[in-house]
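Listed next as structure tokens is one chain, alone, in the form predicted on its own.
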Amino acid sequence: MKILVFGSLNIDHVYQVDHFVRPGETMASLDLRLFCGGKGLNQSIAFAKSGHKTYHAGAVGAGDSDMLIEMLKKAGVCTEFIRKKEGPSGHAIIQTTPEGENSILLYGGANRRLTREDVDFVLGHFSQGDVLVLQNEINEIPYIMEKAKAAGMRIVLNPSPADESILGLPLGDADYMILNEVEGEVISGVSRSDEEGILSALMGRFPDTRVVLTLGRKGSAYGYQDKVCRQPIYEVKTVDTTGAGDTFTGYFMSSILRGRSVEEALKTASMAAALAVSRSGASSSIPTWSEVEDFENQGG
């Protein structure tokens, strides 16, 4: 079994601010730091740090991507399926507040310049039983899902960000759908304040998909067929929530692929996410498997 994360690679510009910039407001930031990010890159690193051999596929700019590829390699991710394109890599403008909340503006860059020939080349190296992990920050996702499904790969979809394109994806082809309440509202049509309603609606609409709903401080929930279970968060001092959801995704699926129960997987993913939010940055905040085990041994 091989794990392929087909997703975005971004250079994150993280500005520390007192509050999110309001319309018409000009405000000085308290700090600026550069990080490697993108939901795809973060999830690849989460899988690799949790102990799985992980391949990343995607696209970067020819002139500004060295730090992205080096970060993946340093984490142990295989990078031979990353294509270099003319123009800039994707990037994000991220505001973070003293409370640890974040606001993110994305520019797709090379992430949006994948071709079907790129997809065919990458997926030609994977087969039945391998795992494909996707988000919604690259182009050609419907084609990627179609080809992966035909090859017998297991599909894990994190439909984020949930923009107008999300409802055009073959969502029912996902074996696992991992999403937050905002994305759940877009896909289910149920208000984000009704978490149980979102989970129930998604389970009814996608009966062959295992749904994992992350709910911020309210924890997480899982639903599939007649099984529903929930997991609270682990309380830590929040420094930066950027990348927490990607850490959760990587560690939940890593636990499932190790043969752990859903309940165990939710617990492990919640501990990993707690460690991530207690640190600055996205990819740089993702813990190793041994750090998660230490956190558990210390009683969370």
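Residue indices: 1-based, along the sequence shown. Small disclaimer: the values here were computed from a predicted structure and weren't measured.
Beyond the structure shown, there is the form predicted together with a small molecule, which is absent from this document and is the topic of what follows.
Pick the stretch from 187-195, 73-81, 91-99, 139-147 whose residues have a heavy atom within 4.5 Å of the small molecule in the predicted bound form.
Selected stretch: 91-99.
Indicate whether G58 is a 4.5 Å heavy atom neighbour of the small molecule in the predicted bound form.
Residue-level check for G58: no, no contact with the small molecule.
Classify T249 as contacting or not contacting the small molecule in the predicted bound form by the rule of any non-hydrogen atom within 4.5 angstroms, answering yes or no.
No, no contact at 4.5 Å.
Would you classify S44 as touching the small molecule in the predicted bound form, given a 4.5 Å non-hydrogen atom cut-off?
Residue-level check for S44: no, no contact with the small molecule.
Within a 4.5 Å heavy atom cut-off, is A282 in contact with the small molecule in the predicted bound form?
Close contact exists here: in the predicted bound form, A282 approaches the small molecule to within 4.5 Å, heavy atoms only.
Among the candidates A151, L106, I155, L215, the residue which, in the predicted bound form, approaches the small molecule to within 4.5 Å (heavy atoms)
Partner contact (heavy atom, 4.5 Å) among the options: L106.
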